[in-house]
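Just the one chain here, the form predicted alone, laid out as structure tokens.
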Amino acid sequence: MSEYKFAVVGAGSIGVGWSIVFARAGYSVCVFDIKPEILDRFWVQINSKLKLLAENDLLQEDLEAISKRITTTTELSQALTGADYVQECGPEELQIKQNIYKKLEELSSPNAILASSSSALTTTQFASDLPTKHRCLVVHPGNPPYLLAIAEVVPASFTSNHCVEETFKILRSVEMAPILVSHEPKGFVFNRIQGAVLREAYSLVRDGVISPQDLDLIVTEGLGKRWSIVGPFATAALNVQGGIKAHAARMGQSYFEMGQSRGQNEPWSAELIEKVSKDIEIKLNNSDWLINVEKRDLALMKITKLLLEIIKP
């Protein structure tokens, strides 16, 4: 295993999450925040979350061994000394991020990767004026990252291929699943999907179709439970024998009309359906449709059983 050294800039909830990810994987991480009282709260959260992870058998070693890999400081230069990978977790404000990145570039090793946990601001917005902007990119996690092992890797047009490749390598070494997001779309992908669901949810409540609590039940007892096993495309592929193409033929017009009712005009073209079908069939071949449906159902059974055990009085 390569010996990476990590720095986390910002000791809020996302900084806590990344610190656990890095330390749990066996690496040392130094965490910076400007305020000592925030670092005090950081340690309270670290100890609490590691304790819960240990109690639920989600740590491979003693929690004290993990916490010892984490150090904190109010000196940014100290946190960045020797760091191969810097995870910035500052406020979602453009001017603040621009100022942070100027300092990160000045104080870090010239080969260190400078990754931002930004949820919406793009690398182009906050790093385009930096002399070494080629080593800057967004790595946006799900929250909390120590339980949601997904990380959106969002390079700018000026981010080097080497930086992207090394970021993927590093993230995999800490047992995260890096996903490449191209073209810096506003909100990236995680929040765009989440936002689309929320927009429709708010609209349905506004229109008197459903109550907020019942809408959440639709997700927790239906969509969310199923999506925890297979995503939206795989769900569609397994809902209709014949896969994506058969599902699109059966439901495409209906979904288009639903979108039209919200002012959208985005039909699924034959070319787009073909692109999705070809990629999804790599994982879920149509010839194995019955087998894959059974695997999904077995996973749902295990989740249902576990949830019933949890809520039993």
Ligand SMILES: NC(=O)c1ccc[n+]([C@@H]2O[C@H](COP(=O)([O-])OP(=O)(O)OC[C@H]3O[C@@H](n4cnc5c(N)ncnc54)[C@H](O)[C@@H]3O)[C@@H](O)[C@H]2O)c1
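The structure presented is a predicted model; accordingly, all values stated were derived computationally and were not measured. In this text, residue numbers run from 1 along the sequence as written.
Here the subject shifts to the form predicted in complex with the named molecule, a form of this protein not shown in this document.
Asks: In the predicted complex, do 97, 118 and 140 all reach within 4.5 Å of the named molecule through at least one heavy atom apiece?
Replies: Contact check passed for all of 97, 118 and 140.
Asks: Which residue, 154, 176, 113, 89, has a heavy atom that falls within 4.5 Å of the named molecule in the predicted complex?
Replies: Among 154, 176, 113, 89, a heavy atom within 4.5 Å of the named molecule in the predicted complex occurs only for 89.
Asks: Taking the named molecule in the predicted complex as the reference, which of 251, 34, 54, 65 has a non-hydrogen atom within 4.5 Å?
Replies: Exactly one residue meets the criterion: 34.
Asks: Among 26 to 34, 268 to 276, 65 to 73, 242 to 250, mark the stretch whose residues have heavy atoms within 4.5 Å of the named molecule in the predicted complex.
Replies: That would be 26 to 34.
Asks: So in the predicted complex, does residue 20 come within 4.5 Å of the named molecule, heavy atom to heavy atom?
Replies: Residue 20: no, not in contact with the named molecule in the predicted complex.
Asks: Is there a non-hydrogen atom of residue 258 within 4.5 angstroms of a non-hydrogen atom of the named molecule in the predicted complex?
Replies: Residue-level check for residue 258: no, no contact with the named molecule.
Asks: Is residue 13 close enough to touch the named molecule in the predicted complex, meaning at least one heavy atom pair within 4.5 Å?
Replies: Within the cut-off, so yes.
Asks: Does residue 283 make contact with the named molecule in the predicted complex, using a 4.5 Å heavy atom cut-off?
Replies: Close contact is absent here: in the predicted complex, residue 283 is far from the named molecule, nothing within 4.5 Å, heavy atoms only.
Asks: Residue by residue through 64 to 78, tell me which have a non-hydrogen atom within 4.5 angstroms of the named molecule in the predicted complex.
Replies: The stretch does not touch the partner at all.
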